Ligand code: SAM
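Encoded as structure tokens, the following chain is the form predicted alone, with no partner shown.
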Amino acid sequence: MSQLQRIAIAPSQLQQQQILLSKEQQHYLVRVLRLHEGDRFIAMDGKGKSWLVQLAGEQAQVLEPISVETELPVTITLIVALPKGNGFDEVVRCCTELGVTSIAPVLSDRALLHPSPQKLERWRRIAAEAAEQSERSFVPTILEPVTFNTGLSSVIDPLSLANSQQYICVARGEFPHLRDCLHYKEQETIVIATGPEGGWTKQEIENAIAVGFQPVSLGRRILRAVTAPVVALSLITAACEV
């Protein structure tokens, strides 16, 4: 079962035990993967449901629901300052594989990228592809880019602060290591913010602290803007999957 190909579908594609495949999905299954009529694969709606299905022309017949146990026991929201070039593509891909729940790209004072609307569609497609590859049952939510201050307020629910942890990664300064701060509890929410090239400004750090974020370090070395989110997610994953 685990070796079967996975594809992400929109919930609206499932109709009366049939999955209506898009032209792109048909091409991928038949031309790229070389599947034939009657071959089986796994369809996932990106919201926790998966099915064993069988290719039938332009559709797929649902054979049975299946259980996929690959998600982390915590919810992780990543706030990440947009890096230059196409670096955010790799952030989305790697952090999806590591189990992130949602990614909130933000424009910081030192942000080097001001994305076009087409970028958001691309990032969501990358997240879906990475979720398929890593055999996840959820596709992470990729939020629209906003300013850093707006991002802070949009991902923090004041009513759930008692059951959440909020960290902002700071490259320089005497701050505790993220590894030593994590206190894992099931069903908890972890919000982690990583900065841009050049780091967060003093004012941005103060704004984060004011809404409940704890400054932390990812180690003694200065990490690139595309490396820091992967390191942070790896530490959280290691703490939760013991």
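Residue positions are given as counts along the sequence shown, with the first one as 1. Just so it is clear, the structure is predicted and the values come from calculations on it, not from any experiment.
In what follows, reference is made to the form predicted in complex with this ligand, a form of this protein that is not presented.
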Checklist entry - Is there a non-hydrogen atom of Lys84 within 4.5 angstroms of a non-hydrogen atom of this ligand in the predicted complex? => result no
Next on the checklist: I'd like to check something about Lys23: if you look in the predicted complex, is any of its heavy atoms closer than or equal to 4.5 Å to a heavy atom of this ligand?
Outcome noted: no
Checklist entry - Taking heavy atoms and a 4.5 Å cut-off, does Leu218 contact this ligand in the predicted complex? => result yes
Item to check | 4.5 Å heavy atom contact, Phe213 and this ligand in the predicted complex | outcome: no
Checklist entry - Counting only non-hydrogen atoms, which stretch in 165-173, 84-92, 116-124, 134-142 is within 4.5 Å of this ligand in the predicted complex? => result 165-173
Checklist entry - this ligand in the predicted complex: within 4.5 Å of a heavy atom of each of Thr194, Glu197 and Arg224? => result yes
